[in-house]
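Encoded as C-alpha cells, the following chain is the form predicted on its own, with no partner shown.
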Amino acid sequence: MGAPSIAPSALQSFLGSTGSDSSQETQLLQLALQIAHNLRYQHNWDDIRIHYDSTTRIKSQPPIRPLISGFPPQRLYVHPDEQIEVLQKQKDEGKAGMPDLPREREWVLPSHLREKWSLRRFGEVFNAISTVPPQEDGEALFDDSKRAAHTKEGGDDSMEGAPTNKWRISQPKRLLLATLDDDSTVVYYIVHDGIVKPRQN
C-alpha cells in the first residue's frame, strides 16, 4: 500500500503557475504573488492587480520589482486634517463618531525581511508610481466577478467609481510595505514619500 498523496495547498498551486526557475525576476514575482494571496485570503482585499512592466527594464539594472494594488475592506489611512473635517461635519449634522469612509485603492510593495532597504531604493519606488494606483492598469490576479456582481446589485461596496479623495492627491505618495518572513508571516507598514503630519487618536 502506497503513501497517501498530499494535494498542494492553494498557495502552492497559485505560486506554481509562475514556473520554477530560480532567477531573481521569478523570485520577485513569487514574492509578490504570495503577498497578494495573503491580502486576498487573510485580509479580504479585492480587485488585486499586479503591476509588472518588463519592457522598461534597463539591462544594467536589476529586474523590475512587481508592485501590487488593490482595495482593502476599509480605508487604511485617514489624513489628520481630513479626520478633523469629517468629525466636524459629523458634529454639525448631530452625529457622533467616525463614519465609514470610501475605500481607496492602495499601492503595495512586496519585500522580504532579509532585504536591505535604503532611502534611495524607496525613492526609486516612489518615483516609479503615481499618487493613486490606476484603476484599470495591471493584471487582475483573482476572479472578483461575484463581488462585482454584488456591487452592481446595490451591495454595500460601490466605492470604486468614487472620485479621488482631495486629501490623497494633495499629500505625499504612500504605499503599504508588505514584509514577508521565512515562516510566511507578513507585516504591513504604511510608508510615505516624505514627512506627513502625525495622526490623531
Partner chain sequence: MAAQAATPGIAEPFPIFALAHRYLLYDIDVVSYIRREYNICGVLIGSLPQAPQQNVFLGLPVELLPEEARLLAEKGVAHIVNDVVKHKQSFLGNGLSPEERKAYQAALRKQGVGAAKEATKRTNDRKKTALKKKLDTEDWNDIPEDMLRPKAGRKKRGVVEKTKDSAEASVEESDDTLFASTTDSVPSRPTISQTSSVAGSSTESEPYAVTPTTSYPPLQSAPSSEARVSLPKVPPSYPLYKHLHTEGYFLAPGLRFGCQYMAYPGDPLRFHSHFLVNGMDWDQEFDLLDLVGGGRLGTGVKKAFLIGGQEEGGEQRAGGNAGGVKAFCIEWGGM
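Since this is a predicted model, take the numbers as computed values, not measurements. Positions refer to the first chain, counted from 1.
The same protein also has a form predicted in complex with its partner chain, omitted here; what follows describes it.
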Judged by heavy atoms and a 4.5 Å cut-off, are Y41, R105 and I169 together in contact with its partner chain in the model of the complex?
no
Does its partner chain get within 4.5 angstroms of any non-hydrogen atom of Q83 in the model of the complex?
no
Any chance L119 has a heavy atom within 4.5 Å of its partner chain in the model of the complex?
yes
I'd like to know whether H112 contacts its partner chain in the model of the complex, with contact meaning heavy atoms within 4.5 angstroms.
yes
With the partner left out of view, is L176 within 4.5 angstroms of its partner chain in the model of the complex by any non-hydrogen atom?
yes
